[in-house]
Every structure is written in C-alpha cells, then in structure tokens.
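Below: one protein chain in two forms, given as structure tokens, structure 1 then structure 2.
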Structure 1
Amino acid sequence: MTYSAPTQPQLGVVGWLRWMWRQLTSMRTALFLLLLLALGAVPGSTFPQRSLDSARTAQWIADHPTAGPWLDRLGFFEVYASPWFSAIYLLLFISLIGCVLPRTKILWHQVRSAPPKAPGRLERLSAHTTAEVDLPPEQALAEARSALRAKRYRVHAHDESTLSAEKGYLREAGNLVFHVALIGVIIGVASGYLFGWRGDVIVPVGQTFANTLIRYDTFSPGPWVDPTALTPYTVRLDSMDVTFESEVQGRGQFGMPRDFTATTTFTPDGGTPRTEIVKVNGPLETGNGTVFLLGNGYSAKVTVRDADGTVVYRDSTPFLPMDNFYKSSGAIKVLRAGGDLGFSGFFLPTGTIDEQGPRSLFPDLLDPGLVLTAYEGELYPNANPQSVYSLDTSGMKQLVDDKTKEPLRLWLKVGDTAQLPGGRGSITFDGVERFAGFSIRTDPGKSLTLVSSLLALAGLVASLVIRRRRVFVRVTADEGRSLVSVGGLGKGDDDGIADEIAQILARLPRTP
C-alpha cells in the first residue's frame, strides 16, 4: 500500500483576505500602529515644517545639501501631510473600527443572555465556600438571591436549587468606550487638520487687523480650507499694557512681567464695535476663530532717506524679544533702485553698551536705543522665502565706515540721525511703539477631541477598576436546615473574589 503526502489546505483569495483583516484588527496590530504613529510624529517636532515656517525649512535644506533634499522627498518637512503618515493614521482608524464592531456585538449578546448554568462541582472554582444556614432550602435560595442583588449581581435561576449571577459588564463597556473614544480622538484631530487653520500677526498699537489672508504674517490652512473665504471682522489694538517687576527685593525676579493686557475694539461683520480685553489666558472668541495673545514687544519707527533727502522708507519695524529684558532682534529692509539696503541688529528698551556688548537693563521703555549694522545689495537672492525678522546677507555686502574703514556700526537713540557712508543717504530713529502678537486659530474638531479624551480616560479607569465576576449558588436540604455552597471566579487576576463570597454568605442567617 502506498501513502501519498498530505495535501495542505488552500486559503484562496477569501481566506487570505479574512486572515489579513484579522491581523489588522488584532490588539497587537493596533498597539504597533500606535507606536508607529508616535514615532512618525518625531520628525514633525525635530525638523522645521514647511506649513509653519517655509523660510526656516528652505534654509535648513540649503544648510544640509546632502540630507536636505532626501528628507524633503521622504516628507520629513511636511510630516502630517505625508502619504506614509496618513497611511499609518488610516490603518489605525480601520484597525480600531474592526476591533470595536465585534466587541460591541459580543457585549450586546452577553448583556441579553442569562448567566451560564452552575457547574456540577463548585469546589473546582477559584473561590469556594460551604456553610449551613438555619433556613429551609426555598427561603435560603431567596435570601441568597437578595444578597447577590444587593451586591449588584444579575441573577438567574436555571433550576430550583441553583442560582447563577454575574456582574461587571461595565468593565467590558468601559473597554469598548475607550476604543470608541480613541476613534473620536482620531476623527477630531483629523477634522481639525483638514478644516482648521492658524494665522499669526503682529499688530502695533493704534492699528487695525482685518481677517483677510493678506493681513497675516504667517498663515497655515488645512487642506480643505479656502483661505479666501475667511469670515470678515476687524480687531483694532487700542492699547497694550505690560507691567514689569521693578523691585530688586520683591515677590519675583527683577524685570519679570506681571501682566499682559491688550485692549481691543472688535467689530464683527456688519455688527456693532465693542471693546474686548485680551489676556494671555483670556482669548477673544470671534465666532469663527479664537484670538490668543501670545506675546508683545516693540516696533522701531525708522525713516530712511536717499542722498537727495527723499524718503525711501518710513515704517514701524517690529523687533522680536530675545530675553527677559526684551533685548530684541530684527531687520529693516529697504527696496530701492541701485541696490537694496538692509539693516540688522537689536532694539534695546533700556539700552547700554558695555564689556558684555549691547544689552538692555530693563524691559520697559526707559532709555530706548537701536544697534544696527548696514548692508547693500540684493535683499531676496534667488527669490528664496525668508523671515521678515532676519536678513539674508548672501547677496549683500556690509557697509564700512568712511573714516575708520571698519564695518559700520550704528548706535541710535530716539531722534538721532546717522549718515550712511558713500553718500547713500541717512537713517533716523523716530520713536517706539508697542505691538501685540496675536495668533488666530480655528479648530472645528477640538470639542470632539476634548470629549473623546475625557471618555477615553473614563473608559480606561472603568476597565481597570471594575471587576468582571461570576458567582454560583447551590442549596441542598440538610435535616431541616440548608447547606449553601457558593463558588465564584473572576476574569483575569482577581484576588478579591474570595472576600466577595464571604460577604455574600455573611448576609445569610448562619447556624450557631
């Protein structure tokens, strides 16, 4: 007799698809995708993102000519819009959906079905106790039912001598709520990314900001946002009040800001203007975006004239604070025929120059000054994007003093005028005004994300605290009394099941 080798069963297309679905919806895969999502977010916080700061991104790529282009092809500068990050996000979403649906079906059947019949030998359960009670079997069974219900068990009698009880369905419900809430968090974050936007703007005191695209200094819209369809409204900055700690011996550090308050006039589209106070922790709700006060600083009012005295530049230039005493950096860019002019340096609210270099002794306007270096050439070489607060000198040449032949250094107080070398004209420091840094954000998914996060926390706590337990009771007659056997088991590690059974028996009238 000849024997043939066993034939391996073939899965077929449907079988492979079923296997792939089960792998995708397993808990192990979901945890792995969560890990991948966390790892995928690391480049988003490590490398500059083009949607947030295109100038910094372009500069990073230029500074790393070998790695920069490759990282750009891999989407490391647009992580959250990259195909690979979106793939992880969608796979995690599908995995959670596939995990929730069968869990919901199982929980529904468990709640609707009766607890299982008591096993024949209760002593084999993880916890078991037998006691005599001074009651007939029928009454002992009724007392046991009352004791179980007092402990919030769902009780069912499959015959006249046993009871089956179960509780802890909220443990599975909490686990299910946790998974559903994670789906809500994913949907909320995704909707915020797709339909939300963020814009930053610096508004000097006395000026008005209109909610239009061209008025933003930086604007980051979601993929499905139409930047030309922003809800119109205006915000005028009436005053910017800042209080600093001026006492050396006081409650805090010398020069520490005590309060930031922006007094604004908010005018909705077609509405009545109203005064609104904006603080660091008190944003302005516009109805289509929240206006946050992120910072404040100083703008230097500067006038640049050519050799004939004609004004070629007159504007307020914001300088960004660098330390607690508001030593601020900035750049003044003057476009003109025959070579652009660029001034880069520091604004000092209470300025001095000593062995430590130019610095500010206090953050308030006690003795303001400007420290500048001057350049001439092309302000925007190769039309590359750049920050308005820094100067790209790759296409420019630094000006030198006509007398010392050293690089030109300008030290200006309010009202001072400095002549530029080579008959290039002059620059005048006219004055100082405060500005407020506003960030306007719209996130339609934030409410869903918040509620889902709270539900996820509640579900996780419920799944960890609540115990799923089954208790079985068998009553037999014993010479006018009753012998009550109680056995129980808990799902997972449950050291308290024995105490639970003891508490149930303690409610029954025991034989002395």
Structure 2
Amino acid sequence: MTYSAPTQPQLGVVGWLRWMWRQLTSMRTALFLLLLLALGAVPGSTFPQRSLDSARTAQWIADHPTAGPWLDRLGFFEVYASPWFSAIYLLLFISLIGCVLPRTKILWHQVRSAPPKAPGRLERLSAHTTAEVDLPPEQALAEARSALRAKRYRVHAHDESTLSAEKGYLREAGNLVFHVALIGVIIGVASGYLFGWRGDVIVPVGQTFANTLIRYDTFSPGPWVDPTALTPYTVRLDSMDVTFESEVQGRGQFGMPRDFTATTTFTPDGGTPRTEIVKVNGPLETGNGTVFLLGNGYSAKVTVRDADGTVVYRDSTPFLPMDNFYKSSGAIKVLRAGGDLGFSGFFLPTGTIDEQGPRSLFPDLLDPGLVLTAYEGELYPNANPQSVYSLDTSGMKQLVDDKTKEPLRLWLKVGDTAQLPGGRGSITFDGVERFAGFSIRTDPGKSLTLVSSLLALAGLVASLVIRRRRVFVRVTADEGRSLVSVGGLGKGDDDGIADEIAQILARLPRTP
C-alpha cells in the first residue's frame, strides 16, 4: 500500500502575505488589539514613568533590585515609548487602515449606484406592510415616491411597478470619518513630538528671562527642531503672588494652594514691552512658545564671608519644593581658592525642627528658616554635569562642629549669621525671594489633533445615531385601486423600521 501525501494548494509568498493582511485587518484582530492596547496602557499608571518623574523611577528601581532592572529592560518605566506598546498601536492603525480603505470603496460605489432592485417577496423582509390605496397604480407609485423623498430617501425605480429607496449613508460615512480622524490624531501627536519643544526655567522676582537656548534650565527639543532658531523675546517677572488656604482646617485642605499669579513684563522681539499676567489656567502666548506657570518656590539669599570678613559669595539660590508645605531642598555652591564650600539642606517657609526632623508647617513665608550641612573640598570633582539643587560630595569632606565633633548643622533664620568651624569664615541668611517656574512649550501638531478629535467625535455620533435603511415599494393594480406593499430592512439593531414603514404608508391617501 502506498501513501501519497495529500496535495494541498500552495499559498506562495504572495498568498501568505495576503493571508496575513486578511488576518490583520479582520475585525477580530482589531478587537483583540484594542483590548491589548487598553491592557498595555495600564502599567504606565502603576509604575513610575521616567519621562514624568525620573527621580521616583530611579528610586523604584533602587528599591527593587531584582524586578527593577528587568522591568526597565522590558520598558515598564517608559511604557508609551516602549517597542511593545508602539507595536500594538501601530498594528492597530494598520488594521484600521486596512479596514477603512475597502469600506470607503464600497460606500463610494453604493453612493454612486442606485439602491438595489426590490426583492421578489417583500413580506420576507424584517418589516412589511400592505395597504390599499384609492389611486391608480402610477399615481400610487408617484405618491409613494414623494412620501419616501419627504423622509429623505434616495429613490430609484428599477421597473414600472417597484421603487427601491435607501437612506442613512451618513452612518457609514460617519463611521469612516471617525476612523480616519483617529489617524489624524496620531499624525497630530507625532508632528507635535517631532516639531515641538519645551523648555523649563526658574525666574526669580525682578529677573528677566530671554528666550534663548542658554537661558533655559532644561530644554527638550523634538528631533526636527532647530534650537538655535528661537525668537528672542523677553519676560520679566515683576511680582509673584501666591495665596494658600489658611482658614479651612479640614483634612487635606489647610495649606493647599489657592492662587498663583505671576505679573510679568513681556517684550516681544523688536516690540514694545507690555504687562502680562500669567496664571495657572491662563498661559501667555508669545508667538514662539506658550509660557505656562507650572511652579513656584523660594530662593534663599545667602552671603558667605571668609575669616577676614571679605565676601566670597553673595547670591540667591532657588530651593525646589518637595511637599505641599514647601519644604524645599537645594544646594549652595561656593567656589573659592583653597577648597570649595558646599552647603546642602532645606529651606522651610514656616520652619520648625521637631521629632519629625526639619519641616515646614505652612507653605507661605511666616517664619522662614534654612537647615544646612556644610562640606569642603572639590565641588566639581569630575566633568560630569550635576544638578544645581544637590551637591556631589564625592570629592568633599563634611565639616564637623569644633566642640561636639558631630557633623555641623546650621539652623538659620532671616538675618542670622553662623560662624563656620576652623576659622573658615561665616554664612549669613540675608533674606528670601520668590521665584516662578515657567515652562515654555510649542506644539505645532495640537490644532490637527484637536480638529481630528472633534471630527472623530462628530463621526462617532453620526455613526451611532443615523440609521441605514432600505425600503422597497411594490404596487399592484386592484380594480382601479392599488395594493401598495412596503417592505423595509434596517442595518444592525433597528427597532424603528416597522414604525418607519407605517409613517411612509400614513403619507399615502387612504382607502376610506
């Protein structure tokens, strides 16, 4: 007995590609990808994300030495830029395009061609009614036609005794608009990423910010942005007014921010200066970037003198707020011959030191204090860039109290001067000023994104509200009168089709 392997048709390369395309563009795949997209987005909310909070991300990885690095490799701290998340939405969009194109073609043909011929037996349709009309067949048909027209049907007569009518093409059109608009949203988001930039800068009261690259504390341009081509307008911070909740004592309310207002003088490139208010919900449009007020805090004005009383440092140093009561951390870096001095610690707007350590009791300046530890040595031991808000103490030695031999801790109120041990001079806390944290951003894609998403919404509503219906009419002569038979067909769940037919028949002159 000989076996011959069953011969199967060979798919070939093109066949396989076609098969894959069919699979990808099938509704089931789209459904699966949609659910996968929802699922894939979740880790971005449960794990800290590097682009949002790099410090918290680093902390999380440090706290979880086993899982941290693995999750990092798998992109869990940069979910929305990870290859697997990108793969999901790119496949989804390819699937979407593959679905939209043929459907557009079908709709195009349907709109251009007449509604199909009436089926032989109208009573087989999902809704059907017959009525006797006191008119000759031709007139009955004409009446039926105008009744259908009045209900906004496209009407076509394939022969003498029937009418074919259809309406609700906008349902499918809306559906297609919705899907195409989603592609618009993606393009808008992508172009915002490619052509947009954002820069952050801390501006103390009284100082002026100029829109040039070097003036920014951080600047993140999109890949296709020329960062040297910024328009050099200036923004001077005239005053920074803040209000915090001091009346309501309920939980979670005391000390909450109530109002932030930055009063600025904005001078456009080559223009005249004008006063502009920047608030949290009221950004300033400059023509080259929008200025948002995203933060505020305090700078400590500090003077450091050497043993002879000569001023070696006098500057205002911003401290970054860490909690709702503006306990703020920062570092004062004093470069000098014979060993740099570095101070790091906290600024407390309403400061106290108790069993919980140094903390602030209220975010406003009721009793400001500085808590500092001091270091001596090399501030910049290697060429690595370092944060202005923290010290790199790898090349430094902590100063100790002459008497107690404990690490030196300074607790300064405004006006206080403390002597540094070993005849190193003194440090004076001269005062406090506020700063505003401005974020200047451009997003050339945002209009496209907005228009596309509104179109998507309009398309969605149309596709859910509008009914696609076909109605067929057949008229047969019956002794001078006419027998009008109407059948209707609705797409999807259409409970109203019988009602619709009744309404159409109601427009015909009745038999008494």
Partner chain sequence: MTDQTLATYSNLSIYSAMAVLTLAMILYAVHLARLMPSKEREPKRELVPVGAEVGAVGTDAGVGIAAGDSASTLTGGAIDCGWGNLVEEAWVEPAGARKAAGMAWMLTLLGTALVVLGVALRAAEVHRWPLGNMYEFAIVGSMFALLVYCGWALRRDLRWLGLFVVTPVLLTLGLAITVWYTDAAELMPSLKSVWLAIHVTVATLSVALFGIGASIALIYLIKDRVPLTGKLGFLRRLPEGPALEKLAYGLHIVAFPLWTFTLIAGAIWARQAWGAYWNWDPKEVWTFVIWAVYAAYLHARATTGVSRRAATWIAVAGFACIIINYAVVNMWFVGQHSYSGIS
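This one's a predicted model, so the numbers in the text were calculated from it and none came from an experiment. If you superpose the two forms and keep the largest set of C-alpha atoms that fall within 1.5 Å, you have the rigid core. Just so we're on the same page, residue numbers count up from 1 along structure 1's sequence.
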property: Form predicted alone - structure 1 or 2; result: 1
property: Core-aligned C-alpha movement of H64 between structure 1 and structure 2 reaching 2 Å; result: yes
property: Core-aligned C-alpha movement of E166 between structure 1 and structure 2 reaching 2 Å; result: no
property: Residue shift check between structure 1 and structure 2, rigid core fit, Q207 Cα at least 2 Å; result: no
property: After superposing on the core, C-alpha shift for G342 between structure 1 and structure 2 in angstrom; result: 3.1
